[in-house]
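Here we start with a single chain on its own, the form predicted on its own, put down as structure tokens.
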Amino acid sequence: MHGILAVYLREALILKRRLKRQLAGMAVSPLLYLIAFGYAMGDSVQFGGHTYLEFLIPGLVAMSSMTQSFGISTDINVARFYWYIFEEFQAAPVSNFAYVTGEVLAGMTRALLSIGVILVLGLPFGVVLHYGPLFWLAAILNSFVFASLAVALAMLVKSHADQSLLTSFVITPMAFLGGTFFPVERLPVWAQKILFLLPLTHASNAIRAVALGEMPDWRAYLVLPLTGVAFFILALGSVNHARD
């Protein structure tokens, strides 16, 4: 437990020091999407009787929780390749489990902050949504999935530039194709089958269903934790390999 707290508090102190810049960065893209896609379209585009803004905000919550939790990988790589902090953790009595858990919790914290930013940004647009326990459960599970993936991949890459490639080829396509900006059901059947393999698709659907006052698909609450645990185990193996 002390090892987990040590790793987490280090990341929390860094986040606290950069908090204003981090919050501003978390707000820019969602605000642009809300203005460019949501507000500009108004009520002209509707999905299932809901305005596009009502459809968009839950998608932005899913996307932002993914990108911000995965963003912990950048901090890990900076610490590894430039500050050599990882070598200090190697020398310290901190287990792989404690290190991975601390970093994952740090990624999830960033994700929850970004969700709060989006919900605040949505207030001036007059969108009324439901934020019940299942909404937050889906958001937390989504953050857990991508924070665990971030730690796993951050330990596998050989340079900071490689991490940027992973973001470009993995996270960015998922952000636009995972049901965030349009219903996956509008795509051809073969494309739907592929996209339903992505954890973000399940997170987007569950978060949106609860936000719109509908019953979410229970499969999302099974797929997300199983995927998160699989990525967490992969992260443990990656840290062990990096230490060797």
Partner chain sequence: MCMPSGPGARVRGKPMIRIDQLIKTYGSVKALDGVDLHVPAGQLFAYLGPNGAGKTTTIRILTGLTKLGGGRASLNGHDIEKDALAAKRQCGLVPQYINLDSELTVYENLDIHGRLFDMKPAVREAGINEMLTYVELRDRSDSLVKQLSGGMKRRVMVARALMHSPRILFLDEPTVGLDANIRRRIWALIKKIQQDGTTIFLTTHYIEEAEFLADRVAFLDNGRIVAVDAPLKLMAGLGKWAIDWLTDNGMQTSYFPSREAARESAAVRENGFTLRRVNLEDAFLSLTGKKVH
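Keep in mind it's a predicted model, so treat the numbers as computed, not measured. Residue numbers count along the first chain shown, from 1.
If you look for the form predicted in complex with the partner chain, you will not find it shown, but the lines that follow are about it.
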Thinking of Arg10, Trp83 and Glu87 as the candidate spot, does the partner chain come within 4.5 Å of a heavy atom on all of them in the model of the complex?
yes
Only one of 147-155, 88-96, 163-171, 103-111 gets a heavy atom within 4.5 Å of the partner chain in the model of the complex; which is it?
88-96
So, Ile14 and the partner chain: in the model of the complex, are they within 4.5 Å at any heavy atom pair?
yes
In the model of the complex, Lys20 touching the partner chain (heavy atom, 4.5 Å)
no
Restricting to 196-231, the residues within 4.5 Å of the partner chain in the model of the complex through any heavy atom are none
